[in-house]
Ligand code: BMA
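Single chain ahead, by itself, as C-alpha cells, in the form predicted alone.
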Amino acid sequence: MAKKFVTRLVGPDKQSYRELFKRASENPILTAKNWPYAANSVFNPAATIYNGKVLLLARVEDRRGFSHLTKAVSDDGVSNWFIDDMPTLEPDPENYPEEKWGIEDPRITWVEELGKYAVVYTAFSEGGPMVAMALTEDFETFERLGPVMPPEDKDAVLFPKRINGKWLLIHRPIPAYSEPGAHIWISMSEDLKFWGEHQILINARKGGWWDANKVGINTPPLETDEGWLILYHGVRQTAAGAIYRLGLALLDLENPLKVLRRSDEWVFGPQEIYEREGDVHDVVFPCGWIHDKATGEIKMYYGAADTCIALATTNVSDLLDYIMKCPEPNHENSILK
C-alpha cells in the first residue's frame, strides 16, 4: 500500500506523520437503504471471516430506537452483500431482561479452544448498558451466556485465547461517583461467566487531549510479533458536541495488562460528509477488523455518524511501524498475576 505523508505544524517545529488508513472509494458500503426490511440506520458492525467470506454483524436500529444485530456476508468485503432478511440476533427480554431496550455494538472473536465464535455485545437494560456474551458456531443459532458485567459497562472485547490460564476481557465501565473519567479496564475469568481481578488498562487523559475524559476499546486485539495491537476511541467534548476519534495502543504478548506503547495523536477521525453528518454527528466507530495474514492488509469496518457502515484499509506493518515510535506509558502495577 502506498504511504501518504502529510505535514502539520506543532508549536515552532514541523512534524511529519503517515496517513495510516485509506477510506474505500465505495463508502458508505452499507446503509439502511440496502436492508431487506425497514430500519432507521445500520452501523457499528462486528467483523470476521466465516466460510472464506467476510461476515459483518451489524447493529440495526429500528424506528422505535431499539437495536438488534443482523448478518451481512460478502465475497470481497466491499460489495454484493447478502443480508439476512430478518434479524440474526434479536433482543430476548422475556428470558434475558437485561436486553429489554435492545442489543448493540457487537464484537466477534474466534475462540479456537471452544471451536466457537464469541460475540460480546452491549445489552441495554432498564438499569443501563451492560456487557453480555453469546457463543455461536454458525451465526444462525446462539448460546447466550447472559450479562458478564453489571451496568453501566460497555465497549467490550474478548481475547482469542487464555493467557496464563485465564480469559481476558477489555471493557469500559462508567463510574457513578468519582472524578470525571471513563477508562478502559481489563478483567479475568476462569469460565467466561464470572469475572474478577479488575484493573484499569488505559486511562482517559485530562485537559485538551483528543482522548480526554472518555476512552473505550473498539476492535478485538490483534496478535502480532510485537504484541497485542488494539484500536480504541477517545471522545472529545467541544462547544458543538462530541467528536469520536481513534488511537492505537500495544500490549505485551505474555502480559496484556502491560501497555507497551500508546499513540499521543489520533490516527483516524471523522472527515467525510457521511462521517460528519448523521444521527450522531462526527463519529467513526469500528467494532471489527479483519487481518489478511498473507498480505498484511487490514480491513477496518466502522459505523459512520451512527447512520451507515464504511470501510478503511491499512497494513499491519504500517500500524506497527507507527506504534513502535509512540511513547512508552507508565505501566506501574500492571503485572499479570
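So that there is no doubt, residue numbering starts at 1 and follows the sequence shown. Computed from a predicted structure; not experimentally measured.
Keep in mind that the form predicted together with this ligand is missing from the display, and what follows is about it.
Taking the partner from elsewhere, residue 49 is found to have every heavy atom lying beyond 4.5 Å of this ligand in the predicted bound form. Proximity of residue 283 to this ligand in the predicted bound form falls within the 4.5 Å heavy atom cutoff.
In the predicted bound form, this ligand lies within 4.5 Å of some heavy atom of residue 44. Proximity of residue 244 to this ligand in the predicted bound form falls within the 4.5 Å heavy atom cutoff. Using a 4.5 Å cut-off to this ligand in the predicted bound form, each of 59, 105 and 154 places a heavy atom inside that distance. Residues of just one listed stretch (275 to 283, 308 to 316, 293 to 301, 32 to 40) have heavy atoms within 4.5 Å of this ligand in the predicted bound form: 275 to 283.
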